[in-house]
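For reference, the chain that follows is the form predicted on its own, supplied as structure tokens.
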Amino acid sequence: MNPHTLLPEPPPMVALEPPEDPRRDRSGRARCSGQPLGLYIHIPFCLERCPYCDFNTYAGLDHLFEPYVDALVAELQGWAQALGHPRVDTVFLGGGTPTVLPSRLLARILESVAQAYRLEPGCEITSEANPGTGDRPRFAALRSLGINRLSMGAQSFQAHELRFLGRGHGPEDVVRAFRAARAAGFENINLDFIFGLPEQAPEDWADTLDQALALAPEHLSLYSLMVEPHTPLFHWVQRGRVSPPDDDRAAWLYEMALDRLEGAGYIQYEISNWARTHQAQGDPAAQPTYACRHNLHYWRNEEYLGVGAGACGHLCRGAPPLAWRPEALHGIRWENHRPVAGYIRRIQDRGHAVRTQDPISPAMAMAESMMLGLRLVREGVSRERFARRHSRGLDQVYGAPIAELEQEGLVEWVGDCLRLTRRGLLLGNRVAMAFLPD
């Protein structure tokens, strides 16, 4: 069983033609809980597409850089006005490769954020980056723009694996880029790696882990290779050009990573994520210092705003004075139009680019709180937070499935929190299925 499938696919979205403006409810009132939001900004441009990638990214669209940023700024301002210029405590520039944009365009995006939103003190501002040679001279410019966290897609320290993955950099580029980022003043760096490649040798994965640990990044993300439909990798597997990934091998490599990273002092706080910490970890549910605060918004099923082509967002309905009620609609999820040119046109014509909307029922909201929250292997799902969010007791709603999962050794109670066991980490699908509504 693949250990990284506890996060379910989003529920099917229902296309509305034309879509209702998701920024306001039927009374015209802005939808926002009043808590700080996470803000995701999608940059859909890449120098080239990787064969395994199914993200909304495109190569060869340099001529759209300027009009795309114009549209992004307009969308950012529109949401800010509709939501009353909300507080934001994390900003994440993702893609794609955000750093393919010229620094002046990145500066324009971040200036628009600072003007339209109320950034919390110590706001975490992350940019994804490519460890290839093109990014290294730009790290100082990124740092000067206020970006204080860098996430680099290293993916492997094995040259043959990087070639298979279609990466345009070599192992030595990762080391040079990491050192250049440090020299530019980045004190919070994440490195992404992929494991479970077809017939991947355990010794190669062990060497990649050792080289990653030697750099001592603050954060590591390790993802099992997934064969996504409509990607070149999918067609290679279908035609027999490459072997499909082996779930048992992936689980073995994952367990190897669990042991090595724990031995190096990294704290696993999410199924695929590890971080270093400054504080003593007396509280078994405490998050490490360098946990990605932006992604915590997702895993805690909190509100986040997504802007850009293909970006998704999630807002709860109502303001703080409105108490949560089981019979109330528990929010809305939406997705923007994906093709870049169409996204730009929709912003120009409509002021928003929403393609699909999905109202979230109370039953689905509770299920998502469980499936997402259990990804947080230290924090888990607390009875107190669940009751506060859903106005129903965790044991009242899920007592029977929790008891069954406990009997199977997949979950355990640690104080007030329900968490995955080590065995549960490897059987994520089984755990997730237990909480899906009928």
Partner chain sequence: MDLNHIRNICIIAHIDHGKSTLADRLLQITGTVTEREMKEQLLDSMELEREKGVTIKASAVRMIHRWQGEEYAIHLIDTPGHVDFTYEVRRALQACEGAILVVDATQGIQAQTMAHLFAALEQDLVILPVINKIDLPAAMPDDVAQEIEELLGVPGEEIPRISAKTGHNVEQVLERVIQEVPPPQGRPDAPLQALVFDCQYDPYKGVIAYVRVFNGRVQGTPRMQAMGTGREMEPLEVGVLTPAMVPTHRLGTGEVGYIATGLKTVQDLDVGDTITLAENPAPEPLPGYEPMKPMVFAGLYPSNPDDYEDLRDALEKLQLNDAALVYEPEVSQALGYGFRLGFLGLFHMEIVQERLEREYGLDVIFTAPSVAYRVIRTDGTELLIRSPAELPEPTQIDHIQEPWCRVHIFTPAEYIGPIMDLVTKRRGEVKNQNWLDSKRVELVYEMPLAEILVDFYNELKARTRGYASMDYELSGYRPSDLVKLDILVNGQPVDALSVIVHRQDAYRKGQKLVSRMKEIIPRQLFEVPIQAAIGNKVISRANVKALRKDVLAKCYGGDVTRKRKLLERQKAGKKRMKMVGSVEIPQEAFMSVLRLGDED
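Residue numbers count along the first chain shown, from 1. For clarity, every value in this text was computed on a predicted model and none was experimentally measured.
The same protein also exists as the form predicted in complex with the partner chain; that form is not shown, yet it is the one meant from here on.
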*A154, I189 and L209 each touching the partner chain in the model of the complex (heavy atom, 4.5 Å)*: no
*asked:* Although the partner isn't part of this model, could you tell me whether E406 comes within 4.5 Å of the partner chain in the model of the complex, counting any heavy atom of the residue?
replied: no
*Would you check, heavy atoms only and a 4.5 Å threshold, whether D283 touches the partner chain in the model of the complex?*
no
*in the model of the complex, does L426 have a heavy atom within 4.5 Å of the partner chain?*
yes
*Though only this chain appears here, would N295 touch the partner chain in the model of the complex if you measure heavy atom gaps against 4.5 Å?*
yes
*Only one of 100-108, 180-188, 354-362, 115-123 gets a heavy atom within 4.5 Å of the partner chain in the model of the complex; which is it?*
354-362
*Note which of C50, V377, V397, L410 lies within 4.5 Å of the partner chain in the model of the complex, where distance is taken over heavy atoms; exactly one does.*
L410
*Find the only residue in R338, R350, H235, R87 having a heavy atom within 4.5 Å of the partner chain in the model of the complex.*
R338
